[in-house]
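The chain that follows stands alone, in the form predicted on its own, written as structure tokens.
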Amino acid sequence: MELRQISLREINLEDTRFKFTLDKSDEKLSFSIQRAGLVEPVIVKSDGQAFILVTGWRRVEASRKFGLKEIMGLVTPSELTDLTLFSLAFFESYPKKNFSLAEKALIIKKFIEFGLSREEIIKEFLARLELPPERQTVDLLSQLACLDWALPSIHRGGWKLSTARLFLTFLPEEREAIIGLSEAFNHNQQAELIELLFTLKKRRKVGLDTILTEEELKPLVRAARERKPRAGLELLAALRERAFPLVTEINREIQAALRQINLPVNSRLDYDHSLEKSSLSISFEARTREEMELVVEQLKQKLKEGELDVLFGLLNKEIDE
């Protein structure tokens, strides 16, 4: 490869054939380039008219931001194939980056486009990307990668494979509605949102639009899209109550029972709010052995008096939803 100065104006940023990273330049990279310029050269391919980025999208973004005119770049030999160059880009990032599911989807899609067979991807890359080495994984993520408009949101949300699998069961217009809502939720909440909508749609046998435009849900959906405080939590609670009414009712009873129990100081009870586990957890703080013995004795007394019996009864209640 030839190391040389490259004008940023010579780089064709419209050609994204080798791009799979969805991260933007962060504060650390921006500060580094601002203070010391671009230390690590980018890798480019010449197409005769301009240069195509093979690696270094975030570095170029930060360099342009701070007004650099030229940066150091490694120009690849013209005989290298696009598959070889994309492999180079992948292996440069592989040791130092945890790829999101959206980025993994792009990696798989581009390897296929550059001529790698599905069998080679399954054998060589899926396990290294912490994905099940199966044909259906390749097919699912290839389908996900085609939804380029959704990938930034999926990337920011840190989706897992199970969430993407459910998401792809929705109709195209329903997927757009879900992505429009997703910005109001963190990763775990996004996963629950999709699971709840999937459950409601399956049980009611209606479209997602029918569910989201119900009289009670409509204002919550609007507030979530506007990212109003707590709107996402309120929408999830409403969907949860519709999808699992018995679980919601038992949770209310458990919360009421907890308020009636006078726990020792610095101790708390908790449980699995999905009620998939029927166990109760107890945690407490103690600075001395004597404090710990006191708390344990108080808890034993409450058990002896049957104060916790109602909780165990509710947690072990049979649920058929």
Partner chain sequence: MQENKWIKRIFVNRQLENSPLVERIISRLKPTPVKLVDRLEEIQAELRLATDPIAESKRVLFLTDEKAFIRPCPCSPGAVPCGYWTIDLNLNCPLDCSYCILQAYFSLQPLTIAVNQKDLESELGAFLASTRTKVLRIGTGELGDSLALEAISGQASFLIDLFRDKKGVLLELKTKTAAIDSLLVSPPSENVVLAWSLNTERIIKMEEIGSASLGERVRSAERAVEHGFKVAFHFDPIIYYSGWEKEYGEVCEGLLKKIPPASLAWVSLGTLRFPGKLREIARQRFPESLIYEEELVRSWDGKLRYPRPLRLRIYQKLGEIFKAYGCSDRLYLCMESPEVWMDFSKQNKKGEAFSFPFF
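Positions refer to the first chain, counted from 1. Only a predicted model underlies this, so the values are computations on that prediction, with no experimental measurement involved.
Note that the form predicted in complex with the partner chain isn't included here; everything after this is about it.
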Worksheet item: Among 214-222, 128-136, 180-188, 94-102, which stretch has residues whose heavy atoms lie within 4.5 Å of the partner chain in the model of the complex?
Response: 128-136
Worksheet item: Is Lys69 close enough to touch the partner chain in the model of the complex, meaning at least one heavy atom pair within 4.5 Å?
Response: no
Discussion item. Is Glu173 near the partner chain? Define near as a heavy atom within 4.5 Å, in the model of the complex.
Written reply: no
Item to complete: Considering only heavy atoms, tell me if Arg289 and the partner chain come within 4.5 Å of each other in the model of the complex.
Response: no
Discussion item. I'd like to check something about Thr84: if you look in the model of the complex, is any of its heavy atoms closer than or equal to 4.5 Å to a heavy atom of the partner chain?
Written reply: no
Practice prompt. Run the contact test on Lys202, Phe244 and Ser278 with a 4.5 Å heavy atom cut-off to the partner chain in the model of the complex and return yes or no.
Written response: yes
Item to complete: Consider the chain as shown here, without its partner, and state which of Ile154, Ile122, Ala231, Ala89 has a heavy atom within 4.5 Å of the partner chain in the model of the complex.
Response: Ile122
Worksheet, complete the sentence: Answer key, the partner chain contact in the model of the complex at 4.5 Å (heavy atoms) among Gln260, Ser283, Gln49, Ser274: the residue is Ser274
Item to complete: Could you list the residues in 162-187 that come within 4.5 Å of the partner chain in the model of the complex, counting only heavy atoms and keeping sequence order?
Response: Ser162, Arg165, Leu166
